[in-house]
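Take a look at this one chain, the form predicted on its own, written out in structure tokens.
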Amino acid sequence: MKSLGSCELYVSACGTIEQADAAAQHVLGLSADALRGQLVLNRLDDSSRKRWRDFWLQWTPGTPGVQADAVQAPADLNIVRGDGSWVPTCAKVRASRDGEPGRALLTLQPLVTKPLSGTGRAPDSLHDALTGLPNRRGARDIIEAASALGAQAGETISVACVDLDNFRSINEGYGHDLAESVLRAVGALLLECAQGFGRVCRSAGDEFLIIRRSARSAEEMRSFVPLFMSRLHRPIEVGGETLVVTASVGLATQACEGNRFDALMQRASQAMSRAKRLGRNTWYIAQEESTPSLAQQIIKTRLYRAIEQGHLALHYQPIVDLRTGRLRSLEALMRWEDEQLGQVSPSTFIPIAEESGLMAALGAWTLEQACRQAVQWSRSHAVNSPIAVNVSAVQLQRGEFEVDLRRIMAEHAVPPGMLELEVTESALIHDGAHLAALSSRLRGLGVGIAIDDFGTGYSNLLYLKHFHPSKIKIDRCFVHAITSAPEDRAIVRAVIDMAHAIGAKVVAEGVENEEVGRLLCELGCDEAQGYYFARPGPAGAMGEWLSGEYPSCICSVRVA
């Protein structure tokens, strides 16, 4: 049989094949076009991959004492061909010369005259079969290799996590085949946009990655992302259909040091999830430092146990009628004190619950406790002050939320008007039609709906028309300065007038002194809560409020 002959591959700094000669077809069983963009690691068997990785991360052309044309051997490498057969080779590497592509020239000299079969084992693929892009495992190798190389120059590495918006509707509406065509088209588009800029991978499902390493990778990525998002907005022609695809993008950057793939990916993924919550079709930059992944895992584990064992608690904060001074309702606020972690803030554990799938259980527990407490107070104090419970966007999107709510209310025989749900503005933008229908059904159950933190989200007046809230809560950032900032006072007045026009009451949050309370009353605000009236406390501390023995400060803000 004719000898296989040697072949040459030009390899990039990230370990991908930039160019292959015609002889590569005989050695690797794949054409030069098919090899371009593949990781060298993807064409090695298990026994060779570690040897190549160790060699590649340590080999640096141009180091003192090493000639530019010096040839080094990373030891023999077993090549896995396209058909699964394999070829043992003698490998040699030298730095690319001027005008040559990539970082190095890899020469493979077969040690046999024909491919072998039956004794080699192909490694798990580092490439996605649908798009041909590196998959998540391939992305790990790219990032680890780039980080090792960038560490020598003090560079940073940035990742853009690109997740297509509402891709499930394409899958369900047009079918699996067309959805796959969309993924291929988006992969090709990202590859085209990132040509010469960074590496593109498909990490999972409808999620892609763009990887950039340089001394200014963060700034360069921030400039690049709006450009490719703009390009993505153009209609895609697939299978005779014309579709417009948008994406939510999370950016994360870290120094090129150590093996920190998981930490970088987690931050990019969390930033992408934040972009989703901000309304999709946008991008968000991860903070420089977020909760360490180990700490997150500990909190997640401890929180799961706390929900199971009933170690959480609800505290309550009174909401008062500014004109009569009477208690109108109580907001239920989650509290968690762990024997190992101490007091854990809701701002810490609730995002982790949302990201890890615990929010449904946490929300169901909160509703259960609030309903039980509302009925108990109604019987023991003969009061009908509703309890307001915060509900996240994650809860509202889950199909079992309404089922759980109806079950809990029925089990505890909660009378109409005894429960209110507080929903943030950002929760309303995810699925307006679904939430409008849901709010209508909840009103039928006698459950009030309040829009929380009004003014800090999107303030889209259209959802006020369809959502029909019973209350609008003005965020504390507009309330605390109304006595000194005319613009804040004007905003509060406008919100009050608008809410009354649609039949909703207004609650001011964060009232901390008599002057603010009195001015709110003069502006026509209906209700208020804040430290001036009462701090949140356990159920047992609400006795004086429930019995009508209100603190004297309540009467001082009334308008005659």
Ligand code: C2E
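The numbering used is simple: start at 1 and walk along the sequence shown. What you see is a predicted model, and the numbers here were worked out from it, not measured in a lab.
The same protein also exists as the form predicted together with this ligand; that form is not shown, yet it is the one meant from here on.
Comment: 525-533 is the region of 494-502, 50-58, 29-37, 525-533 lying near this ligand in the predicted bound form, near meaning a non-hydrogen atom within 4.5 Å. When this ligand is considered in the predicted bound form, only one residue from V506, L520, L44, V511 comes within 4.5 Å through any heavy atom, namely V511. Though this ligand is absent from this view, in the predicted bound form it lies within 4.5 Å of a heavy atom of just one residue from A91, M359, M409, L435, which is M359. Although the partner is absent here, Q317 sits close enough that one of its heavy atoms falls within 4.5 Å of this ligand in the predicted bound form.
For S385, no non-hydrogen atom is located within 4.5 Å of this ligand in the predicted bound form, even though that partner is not displayed. With a 4.5 Å cutoff on heavy atoms, D453 counts as touching this ligand in the predicted bound form. This ligand is not shown here, but in the predicted bound form it comes within 4.5 Å of a heavy atom of R476. For the partner-free chain shown, N390, V391, S392, Q395 of 381-409 come within 4.5 angstroms of this ligand in the predicted bound form, judged by any non-hydrogen atom.
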